[in-house]
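This document opens with one chain alone, in structure tokens, the form predicted on its own.
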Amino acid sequence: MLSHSFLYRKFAGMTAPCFLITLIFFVSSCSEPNEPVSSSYLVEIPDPFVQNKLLAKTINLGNALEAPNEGDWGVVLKGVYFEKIKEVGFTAVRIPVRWSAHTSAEFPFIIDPVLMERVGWALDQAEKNSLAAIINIHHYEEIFSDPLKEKEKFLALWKQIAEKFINRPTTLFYELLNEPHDQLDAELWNNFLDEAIDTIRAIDSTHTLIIGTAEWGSISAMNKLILPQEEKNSIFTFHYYSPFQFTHQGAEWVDGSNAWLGTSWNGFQSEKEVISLDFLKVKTWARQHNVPVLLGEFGAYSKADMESRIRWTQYVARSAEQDSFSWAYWEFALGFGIYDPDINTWREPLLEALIH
């Protein structure tokens, strides 16, 4: 029997009518005599450019399911958060998940069902509020320090995730891995992402994939990324925190960042041009590869002055929109956050900078 993956790759890119007619003929001619043709093969592959519009205004639900355990970093997801996110005009949520810390120690690396159900609950909340949702593999620290040792587990995670969520609507997106770096360099990452795509597509041919770069998801590794030619249902993503000494001033996890305190972003033409030129590089690369673009993370830490944060956030968001990028702001709550969970209110100036 032909695999879903084989059929997906053979016919990806066809228009829907051509796809269905050709696929029916192909499967019928290749089947054994009297072998029934499964209707499960007759699946239309979404257009990733249309899909990307669902992510137009996305918010990252950071520091919750990406923590070692939910709540460890001060954020526990609540149903009301999804309602509030929808009310103010966001179209999607990105849900970072630390799957790697919640699996069995040996193959087949079974994911803790408690975490799996919790992610399912979050997806239910997104669907209930008509929000698209991205789930990823986040903070998989072990794979960055010893990629080859962790490769089997990485693929096993995606196999289980694809099997669990295959019947979810196509408003669900799979992001392969957050910010590959360290020993998982660009060359090795090309190999890993290719096998991850094969693993997912053997199970699920319809959910749109989101693929980022090595070197912390930055544009520095963009020209080193090799997208499989046969994969026609994917979105390219990059993260943007430039200038880093502004966006990460005083960040406790960045060595030497206290020396940057007081760095402002004034919206001078020279400052804007740096961002515009960086985005032009992304836009040009994406056109060459015929993929839509998601700006998957951007934000300025709370220790920067608020006026600078507003100017920078607004300029980055509007620039992304002008270049037809969808965007996902980092983050909902805590250090970069636009929502204060302690008093249950939005930080209105930042919210207005994003949602206009």
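Start at 1 with the first residue shown and count on from there. Keep in mind the model is a prediction, meaning the values are calculated, not measured.
There is also a form predicted together with a small molecule; it is not shown, and the following applies to it.
For a residue to qualify, one of its non-hydrogen atoms must sit within 4.5 Å of the small molecule in the predicted complex; none of Glu44, Phe49 and Phe173 qualifies.
Only one of His207, His248, Lys153, His102 lies close to the small molecule in the predicted complex, with a heavy atom inside 4.5 Å, and it is His248. For the small molecule in the predicted complex, the listed stretch (176-184, 192-200, 121-129, 144-152) containing residues with heavy atoms inside 4.5 Å is 176-184. Residue contact check for Phe107: none of its heavy atoms lie within 4.5 Å of the small molecule in the predicted complex. Although the partner is absent here, Tyr241 lies within 4.5 Å of the small molecule in the predicted complex, judged by heavy atoms. In the predicted complex, the small molecule lies within 4.5 Å of some heavy atom of Trp253. When the small molecule is considered in the predicted complex, Trp330 lines it closely, a heavy atom lying within 4.5 Å.
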